[in-house]
Every structure is written in C-alpha cells, then in structure tokens.
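Given as structure tokens, the chain that follows is alone and in the form predicted on its own.
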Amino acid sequence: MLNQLQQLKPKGRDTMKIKAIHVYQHDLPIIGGPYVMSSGPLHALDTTLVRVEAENGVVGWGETCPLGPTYAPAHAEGARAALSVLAPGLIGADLTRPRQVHQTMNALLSGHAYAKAALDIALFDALGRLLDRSVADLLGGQVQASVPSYVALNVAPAGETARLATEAVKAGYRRLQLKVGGRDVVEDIDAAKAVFAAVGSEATLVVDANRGLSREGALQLSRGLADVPLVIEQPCDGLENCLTLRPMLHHPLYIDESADDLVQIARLVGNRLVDGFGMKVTRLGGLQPMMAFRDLCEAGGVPHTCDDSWGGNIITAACIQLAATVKPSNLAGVWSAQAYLDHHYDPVSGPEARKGRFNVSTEPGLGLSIDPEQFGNPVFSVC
C-alpha cells in the first residue's frame, strides 16, 4: 500500500482530496420481530449512512447504527448532528491520510466516536478503491480467507431458545450468544441450561446481559450455572462493577459496552483484568482505532469479537474486513444483524454467513456495490 501511495504523482494529489460528503437516514425493520434484549424489544433500527466522494470520482461508504437512545451514549439523530459538524471541516482533506483525518475530526469535535466511525469506514472504503486493494489489506493484511460468525439468541422461553440454538449449530455456528436480563434470573438460568443440554460442547456458549443485571443478579446467574461451561459478557452496568464481580464469578468475564476508550482497554489488557471483549467498531471511532485495539489484544493474548451493535451491509463488511486481519486464535467471531433485517444494500455481493462463516471479500474497498438511489435524498450534503 505504501509503495502505491508513493508512486502517485504529486500533481495528482488534489484528485485524492475529499470533494463531497453525503449523509443519509435509513430505516431497518426487523423481520419476524421484535428482537428482545434486557433493555426491551426492538422493532426497527434507524441507521445513518455516509458517502464520501473524492475529486477523482472515487466513492466510499460508511455506516453507524446506534441501538436506540439508551443502549449507549449514542443515538441516530446525534450521529447525524455530529456529522453535520464534522463534514464541512473535512472537505479538501486527503483521503490517503486516514490518521490525519482522524486528528482533524478530533480537533473539530470532542467525543462522538460512533459518528466519526461512519466517516472513517467511508474513507477506508474509498482508499481501497483508489489503490485497488481490499480494506483488509489496508489494515495490515488478510490472515484468513473466511472468519467465524456467531448467533445472538434473543430473550425467550427456555424451550424456544434451545430449539433456536440447535438450529444454529446444525447451520454451522460454533458460538452462541444468549441474551439474558430483563426478567427473573431463574428464567435466564433455565434457558442457558436448556441450551447447553441441547448442544453440549458443540458450541461455545456466551450469556450476554448488555448491562441488564444487578450485581446480585449476576452472581446468582453465575452460581446457578456453575456446572455449565460458558462466558459471561457485560453482566451489569459500569466497568468497575464488572471488575469487582470477576473474582466471585464461576466463569470468564468479557467486557462489551464498558470498553470504550483505548487507554482504558490498554489497562484492562495489560493488567489481565478481563478475559475478553465484545468489541464494536463504531464504539472506538472506526477502523483506524480498531487496529490499535486489535494489536493490544494480540500482544496480551486477549480474545475479542469484531462486530457492531446493528446496521446493514456496510457495517457488516467493515467488521469482516477487520476480522480477517485478526490472529485466528484471538478472534471470538463476527456478529451481523443482516439475518434479522429485510433489506440488503447490496443484494448481489453483500456479505452473508454460510455454514457459520463469512467469506472475506478481496475486492477493492469493502467489496460492495451500492446504489445511493435506494436511500432517497440525503439528509444533508456538504461540498
């Protein structure tokens, strides 16, 4: 990649500058919904799409899809408001310098990593198309041709959850995430036991509360499942609450929603305070900071996922491209919301899990072909 950038003629550098940024709003209805989590039912998602155009006509796409206004300090209208602040200051920026663009974004707006992520992903997509390289190549190089996916089973009665788990294992999935919380802990215990009885050691079982349990509830859950091999993910709100619980749990502890800062993550990895991460690309601000996260975890031997809260083809493709660069023994899996959505931005080459794995596209950028007409008029454009 560096050699290709060096071979580009200086007189042509103006053609690699950002000419326009278009921001779209798009609804993603959940098929067969609602999808139930500890925070309640989800019927549809509000996603935000970013299209970046360079002077030479190269286009890149990005996406951010916060999971409602209460899941995290992020919401859809907030993403678009933040993008309206960021976009004017990026016109004329050199898309071949993503680190510099990140520094510019941080100078323009403090925080709002989830909004910056959409621009970051779009820039990597455009840069890949410019250089005729996949995003995985830009992130350090693909180390596996396909990456494992996992299934997230929503809160449901034990029998239904066990049935869905059995179907997932038959379809080739080897990691099952069981949503818990928002009901009596005994029901969560029964559901996890039913899943383990149904699939046994054929799949790794993760129980994910999305911060929905009290400390007492988390201890009750772990004690009630002491004889079931599984991982507990983000049992309660607040990082310190989870960390003080860890010595009392009977299971490994993964952190999800509370891992939102690279300095904090370096402390967790360096001091061996957690057993893994459920990591979201948009939480840290996109693919650029995720490379640092990936390398920290590899150095510390801490496994992690490469996924996001929700979203369509674009965010899924970005997660897969990143996951392809992760040391296989460190990659816990990639989750995609696509199976729950009734729309594909790219119905032909959009990513789709087969036998529990995603093939990694080697096409330029994210490997997607997206018609902007499907999103209607932009919410706003900056040129």
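Quick caveat, the model's predicted, so the values are computed rather than measured. Don't overthink the numbering: it's just position in the shown sequence, from 1.
This protein has a second form, the form predicted in complex with a small molecule, left out of what is shown; the following refers to that one.
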item: Heavy atom of Phe293 within 4.5 Å of the small molecule in the predicted complex; value: no
item: Non-hydrogen atom contact Lys280 with the small molecule in the predicted complex at 4.5 angstroms; value: yes
item: Ser258, heavy atom within 4.5 angstroms of the small molecule in the predicted complex; value: no
item: Close approach of Lys116 to the small molecule in the predicted complex, 4.5 Å, heavy atom; value: no
item: Triple contact flag Thr48, Asp125 and Tyr345 to the small molecule in the predicted complex, non-hydrogen atom at 4.5 angstroms; value: no
item: Interface segment, criterion being heavy atoms within 4.5 Å of the small molecule in the predicted complex, picked from 175-183, 191-199, 258-266, 100-108; value: 175-183
item: Heavy atom within 4.5 Å of the small molecule in the predicted complex - residue from Ala54, Leu331, Leu28, Leu67; value: Leu67
item: Option touching the small molecule, based on a heavy atom within 4.5 Å in the predicted complex, out of Ser309, Thr96, Ser222, Thr161; value: Ser309
